[in-house]
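Shown next as structure tokens: one chain only, the form predicted alone.
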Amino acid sequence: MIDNFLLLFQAPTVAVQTLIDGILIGAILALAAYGMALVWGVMNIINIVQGELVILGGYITLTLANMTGIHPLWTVPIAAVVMYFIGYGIYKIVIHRVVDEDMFISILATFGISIILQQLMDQVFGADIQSADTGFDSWGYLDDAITLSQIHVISLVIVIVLATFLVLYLKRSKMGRAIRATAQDARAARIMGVDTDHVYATTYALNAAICGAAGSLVVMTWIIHPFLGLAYTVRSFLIVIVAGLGNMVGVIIAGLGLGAAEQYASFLIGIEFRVAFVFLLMVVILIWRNILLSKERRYLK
């Protein structure tokens, strides 16, 4: 570990390469996290099944690419649309029953859905690690001391396009305004004639579509298997905790920061401890936020 730490200073290109890789990876994490922030902010639900929705989106892309022979990139909008309807169905079957209940009940409900999806994906797609072959290469700079994966750069562009679309949709569309009104005060929105149940269904379905797009990018840039979802749920939760609800810019910054932190941690302590680092970071940040909240309460008293 010490040798790796010293190498970051002795070989600046290694540090730069690690930072670039982390930022490109963090963009995809931020996309999935924004979906969780949307559901949490509008419906007051911590969506534990978030990671499984991401992985399912990846399997949709993988299946379409293998069955039809089309390039995986063209399946991104298809996966998003398919996941939109899956999310809508999950809301109508389960989520609408726990929206107005205690948050702990919604956590249990979405945790149960995550287990069901894990087992279904295991039975349908198998437990093997899989990824989609994009055929893209890398660009090399400084005599290939620094490389940029083309699919990572393309994924970053897609994330930027999707983020822009989401911002415009929430600000300018009628449903987007209804979603923002419901997030601010659901009771007042109902009094003003907003169908909050439809808003909740659309919000959850939109989150699933975001996860579908993120999963498509994940399967093209990394690997997936049915039991990998929890890591993405924790990452999304961590980003939302740091950024706050309804803060798109904060989610992007936190996502990029988490991606960079993961890359540096993987380089320093080994890639096998990458997920452990994410869990440890979540615990540290939760303790830190609890300390800050305790100080704030004492100050107010």
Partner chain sequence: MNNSMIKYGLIGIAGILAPIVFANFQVQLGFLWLMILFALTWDTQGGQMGYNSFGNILFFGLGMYVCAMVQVGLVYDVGVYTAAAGLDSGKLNGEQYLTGLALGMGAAAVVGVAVAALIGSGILGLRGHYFAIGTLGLGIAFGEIFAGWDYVGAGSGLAPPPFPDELDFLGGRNLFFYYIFFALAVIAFFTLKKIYASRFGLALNAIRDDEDKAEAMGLRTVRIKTISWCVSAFFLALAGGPLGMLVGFIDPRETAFAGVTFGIWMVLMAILGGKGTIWGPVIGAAIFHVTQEFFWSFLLGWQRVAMGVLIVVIVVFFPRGIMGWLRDTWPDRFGEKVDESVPQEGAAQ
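Residue numbers count along the first chain shown, from 1. All of these numbers come straight from a predicted model, not from anything done at the bench.
We do not show the form predicted in complex with the partner chain, though everything after this point is about it.
Query raised in the report: Would I158 count as touching the partner chain in the predicted bound form under a 4.5 Å heavy atom rule?
Result: I158: no, not in contact with the partner chain in the predicted bound form.
Query raised in the report: With a 4.5 Å heavy atom cut-off, would you call I46 a contact of the partner chain in the predicted bound form?
Result: Yes, contact at 4.5 Å.
Report task. Please run the contact check for A145 against the partner chain in the predicted bound form: heavy atoms, 4.5 angstroms, yes or no? Result -> Answer no; every heavy atom of A145 is more than 4.5 Å from the partner chain in the predicted bound form.
Query raised in the report: in the predicted bound form, does I113 have a heavy atom within 4.5 Å of the partner chain?
Result: Flag for I113 set to yes.
Report task. Would you kindly say which of A181, I223, I154, V98 lies with a heavy atom within 4.5 Å of the partner chain in the predicted bound form? Result -> Checking each option against the partner chain in the predicted bound form, the one that comes within 4.5 Å is V98.
Report task. Let me know the one among V194, L108, V81, M175 whose heavy atoms come within 4.5 Å of the partner chain in the predicted bound form, would you? Result -> Exactly one residue meets the criterion: L108.
**Report entry** Candidate site L120, I241 and F273: all three near the partner chain in the predicted bound form by heavy atom within 4.5 Å
**Finding:** Heavy-atom distance to the partner chain in the predicted bound form: all three under 4.5 Å.
**Report entry** One stretch from 255-263, 61-69, 23-31, 230-238 that, in the predicted bound form, holds residues within 4.5 Å of the partner chain by heavy atom
**Finding:** Comparing against the partner chain in the predicted bound form, the contact stretch is 230-238.
**Report entry** the partner chain in the predicted bound form - contacting residues of 267-287, heavy atom within 4.5 Å
**Finding:** E272, F273, V275, A276, F279, L280, M282, V283, L286, I287 sit within 4.5 Å of the partner.
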